[in-house]
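Just one chain is shown here, as structure tokens, and it is the form predicted on its own.
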């Protein structure tokens, strides 16, 4: 392709390159840490100049979807654990690390148009579709936590077909979807009938609650509420002075 032709097509072509790569990242086809094809490979694939490829990759980096490393190439960005109190933990890995047998049960999964309550919880204004999931995690066959989660399908379209009967949604998201910002809110509640049954505790027993929201470049990915039996969980954070 001549330089003149490439220059004329560049505005559309670099957007196509960006869109192709972005789609592979957002659908989870290219998970966090996956190496993006080298620039010369993309030049050959799209029949364009290196400048066109570089512009597409630069915009993806600015959107926090990829990170560019000198001489090593470009990679799907890994989450940056920046919370001062908690990092985003994989409950399955957490239980396994304790030397206990992990168990998982999908209680309910619904694919629906977001209700007003869903939109408020996700912090979005436009109507769209969500996946609503309720599941239970156990350790040595004892209930460990109950998870109530919403996933915004406009941000994570592949979640619509993910098999959450086999893989916990938190584990799936951590391994398939890059995020750039998270917020935790920690509180305590007493167990209502539904929570008491799910956690096998008495109605009115104390529960530790973690509400977590994650975003990617201001786009909501998911909102989740985790409930733990209050008598068997605690949160610990250690800090160093500046």
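Numbering follows the first chain given and starts at 1. Computed from a predicted structure; not experimentally measured. What we label the rigid core is the largest C-alpha set whose atoms superpose within 1.5 Å from one form to the other.
One more form of this protein exists, namely the form predicted together with the DNA; it is left out here, but the text below deals with it.
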query: One stretch from 63 to 71, 203 to 211, 189 to 197, 169 to 177 that, in the predicted complex, holds residues within 4.5 Å of the DNA by heavy atom; finding: 63 to 71
query: 4.5 Å heavy atom contact, residue 184 to the DNA in the predicted complex; finding: no
query: Contact test in the predicted complex: residue 40 vs the DNA, heavy atoms, 4.5 Å; finding: yes
query: Heavy atom of residue 50 within 4.5 Å of the DNA in the predicted complex; finding: yes
query: The DNA contact in the predicted complex: residue 13, any heavy atom under 4.5 Å; finding: yes
query: Core-superposed comparison between the shown form and the other one, residue 40 Cα displacement 2 Å or beyond; finding: yes
query: Rigid core superposed: residue 188 CA moves 2 Å or more between the shown form and the other one; finding: no
query: Displaced residue check between the shown form and the other one: residue 18, CA, 2 Å or over, core reference; finding: yes
